[in-house]
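Heads up, the chain below is alone and in the form predicted alone; it's given as structure tokens.
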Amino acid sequence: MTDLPIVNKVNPAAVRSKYAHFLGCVMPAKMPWAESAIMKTLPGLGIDLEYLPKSGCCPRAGVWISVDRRVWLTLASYNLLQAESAGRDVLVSCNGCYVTLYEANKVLKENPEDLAMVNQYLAAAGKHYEADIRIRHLLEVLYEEVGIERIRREAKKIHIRVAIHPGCHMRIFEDGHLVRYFTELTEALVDEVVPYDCERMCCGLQCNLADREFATYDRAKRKFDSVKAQNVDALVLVCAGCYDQFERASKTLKETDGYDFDVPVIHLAELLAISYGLRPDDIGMRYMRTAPVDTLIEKLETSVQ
């Protein structure tokens, strides 16, 4: 399909940064194709990437900050100290996990009393955290370190039309750079990114804590309706939490109302992998999907120029 070399071993001469990949809870359980796409593609782009061993839940900031701030900071720091011990920064490929780990690390860097408190708890497990690493979103690594111009130059354009779902947590920064990175990276990989009415609307995941029906019908289904109206080939995201919500909602809607959301929901990393020469079956793309992907896979296998 392409003569661009894709390998899952790092070329030492091309290494830009060393990262530990934090998968979170949902990706390895429900999105193995996204995990595979990242781990097989980024090393060939000069990113020295390893798994973050023995990691636990991020844990979700939207829940734990209000329940017990100490638990949030301690569990987050337990994940981060493992990367720190290995001399690596942390790469996160889920918006929700990114917000948790980025915010916790920021608190611990800026507040010595919080760091001291956390290390008192960690000491019981023989651990210590210095808060001396960076937390980087997959989008930041691709856009800034691999380089958007390199991706525009090298990636083979996929001839499909897609909609994007940035999600709430991608808007963490006032300058909006994550949303801009997401949009430009997607535009570099496909023919067209199609706007739709509910693009800024949340997936509804957090709403489940208060009203599951609202989360399903007034958030997920409204977004589904808007996306379906555009007749796109896929809905692209970079958040395991949003994927989990869309999968849950689409299943509920089909079982209760006979509503069929037949637009494949895919991770940006899958498009990147295909653009750089991997085949859909190389990353297990056709498995464990709620919406059927066979038609999309046919297009992906034949539409890369």
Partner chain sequence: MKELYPWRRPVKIPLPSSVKPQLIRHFSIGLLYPVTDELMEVRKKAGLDPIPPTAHRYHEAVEDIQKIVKAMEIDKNMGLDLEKMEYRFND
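Positions refer to the first chain, counted from 1. If you're wondering where the values come from, they're calculated on a predicted model, not measured in any experiment.
There is also a form predicted together with the partner chain; it is not shown, and the following applies to it.
Contact with the partner chain in the predicted complex, defined as any heavy atom within 4.5 Å, is confined among 129 to 137, 219 to 227, 159 to 167, 73 to 81 to 73 to 81. Among residues of the shown chain, Y259 is not one whose heavy atoms approach the partner chain to within 4.5 Å in the predicted complex. Using a 4.5 angstroms limit between non-hydrogen atoms, L122 touches the partner chain in the predicted complex. Using a 4.5 angstroms limit between non-hydrogen atoms, I65 is distant from the partner chain in the predicted complex. Using a 4.5 angstroms limit between non-hydrogen atoms, P28 touches the partner chain in the predicted complex. Annotation for 36 to 51: interface residues with the partner chain in the predicted complex are S36, K40, Y51 [heavy atom within 4.5 Å].
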